[in-house]
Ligand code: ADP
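Just one chain is shown here, as structure tokens, and it is the form predicted alone.
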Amino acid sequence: MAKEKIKSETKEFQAEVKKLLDIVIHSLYTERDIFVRELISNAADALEKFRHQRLLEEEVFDSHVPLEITIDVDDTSHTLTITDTGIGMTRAEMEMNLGTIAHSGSDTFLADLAEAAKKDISLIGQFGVGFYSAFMAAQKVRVLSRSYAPDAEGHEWSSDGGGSYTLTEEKGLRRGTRIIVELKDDAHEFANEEKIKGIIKQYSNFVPFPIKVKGETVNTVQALWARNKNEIKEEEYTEFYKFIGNAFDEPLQRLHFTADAPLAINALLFVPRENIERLGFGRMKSGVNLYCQKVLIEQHSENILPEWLRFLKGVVDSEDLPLNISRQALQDSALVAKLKKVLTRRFLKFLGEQAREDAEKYNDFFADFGIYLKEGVTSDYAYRDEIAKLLRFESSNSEAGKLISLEDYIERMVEGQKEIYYINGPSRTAAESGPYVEAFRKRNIEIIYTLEPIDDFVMNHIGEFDGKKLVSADRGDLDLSAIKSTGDAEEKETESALEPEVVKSLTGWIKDALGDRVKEVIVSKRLVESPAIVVNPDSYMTSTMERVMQAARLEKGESFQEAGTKNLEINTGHSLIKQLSLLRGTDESFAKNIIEQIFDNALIQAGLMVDPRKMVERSYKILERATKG
């Protein structure tokens, strides 16, 4: 006589499961929405397993049933039901999967989980407790399942999250699994249709099976990044960008790539049409979402790309990441660090290709987004050399508005030139008209115009490019004597100047007249048309850096400070300096007013602030003297 089958049986949870449930229910309450994502992910896995199994076996139960996930909510009975038509479970599988922890070193595992519970762990599935997360919101969970095998029987597993669970034979089930979550009093929101739709769209929008809520398919957008890019139409890319980037216009550029090594990656990244930070809308946050097997791991992830690439929007999907990984693990994971490195280098390579293939299009990108690359140079040493190749500037040999690279500059260096020279100014006109470019103009040396405050910091951080040092034109130790002057400039250079004895006396007198406003007074080797300039004897400190420091001091409410660490260079061949040398012997008081005005003028030409009250008062005295004849 055949032994009668057990209809219903109550069993104790494995000891480790009891501990696990206690941690889940009482400690892991951050971002409760996650449990819905976990149950949907489990359902999608079951569907994927059945799809694979159907290819291997000739006969399966309910082969005609479509592969899908359905979700029902009942706001009256306060239940949430998630059903899949996947591979299903036998009685033994339900007991193994839902009643025990298939985890080696379970004591260590539980200790780690308990420690994580004390921290901000929002993605609890890192520990493989996805199903048990339902108990964060459930007072009771029922699981009804029938395996795909033709001769399988259906069963129900149920538990209130206490010390036991019940297994009962259940007739009339279709293939797959149905999970009924009877919600706690403080979790009734999960029986709301719009709430569930919102969770699906946030976390599970790209699950590769239909997710239906009351008959309506919610996840209607395809995971475009997982498709072959040769099969995707331009308008599909645009629509996906609008969806993922919450945008209304078309993207400026896109990068769609797949990699197998060192990590399996599918990525679809977009450069927006506009840089909203430049438009005054505040600092952007990362717009790239991290997925694993089309399930959202972290929205607007700050871990997979450096902050200076925060303008990018799109999706990164890596199968090599654990399907469920916590925010803390994202920050600490060696895998995530490797992913970040691969993505960053791949995007920089993409920009390099764009720059070579369509320089005009790349320059349009750089005009709007180059500021982020410059930020990368000053903050991220690992990519400094790669970014340096992508930087673009105006120069004395380029038309206004036209940009050149550092490589372009090196190709045009004149004979005897060993360094790359740059000068900062608020505009191209200001840079071109300043006294610092005179020495370069007379030697036909190209000079790069750095027109943004950050540019000098960028050049200082790069330091050297292709074996050539980057040198600011307002450095005090600038020496261009090895490069010959040309044409009329050479004739001007040989014009008569003051006698050495007179020069020595004059520079000493100027130093006494200016006092601690100036460090040294020296004869310039670079000036042609201007009477004087101020330079910083410290090679690392440029006028731009000093301007930024002055502005910072004023912003903090600190008092105005004169440029007492600057050197004054005078052009002894200039008529004003020659007249000053004579004037100091006949009217020293007036001569002091003149040299103070010359010094202030030089500070202004360097873009440095001066005390306007003293300067205006002095200028009126000089004008009054001039009008007397």
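It should be emphasised that the depicted structure is a prediction, and the values quoted were computed from it without experimental measurement. Take the two forms, superpose them, and find the largest set of C-alpha atoms that agree within 1.5 Å; that set is the rigid core. Numbering starts at 1 and follows the sequence shown.
One more form of this protein exists, namely the form predicted in complex with the named molecule; it is left out here, but the text below deals with it.
Although the partner is absent from this view, Ile570 stays clear of the named molecule in the predicted bound form, with no non-hydrogen atom inside 4.5 angstroms. Of the heavy atoms in Ala46, some are within 4.5 Å of the named molecule in the predicted bound form. With a 4.5 Å cutoff on heavy atoms, Phe131 counts as touching the named molecule in the predicted bound form. Though the partner is left out of this view, Gly88 does reach within 4.5 Å of the named molecule in the predicted bound form, counting heavy atoms only. The chain is drawn here without the named molecule; in the predicted bound form, the stretch among 307-315, 89-97, 157-165, 526-534 whose residues come within 4.5 Å of it by any heavy atom is 89-97. For the options Thr177, Ser472, Asn289, Thr450, the residue carrying a heavy atom within 4.5 angstroms of the named molecule in the predicted bound form is Thr177. Relative to the superposed rigid core, Thr177 undergoes a CA displacement of at least 2 Å between this form and the one not shown. A displacement of less than 2 angstroms separates the C-alpha positions of Lys592 between this form and the one not shown, with the rigid core held in common. In the predicted bound form, the Cα atoms of Ala259 and Ser41 sit 3 Å or more farther from each other than they do here.
Distance between the C-alpha atoms of Lys49 and Glu298: shorter in the predicted bound form than here (change of 3 Å or more).
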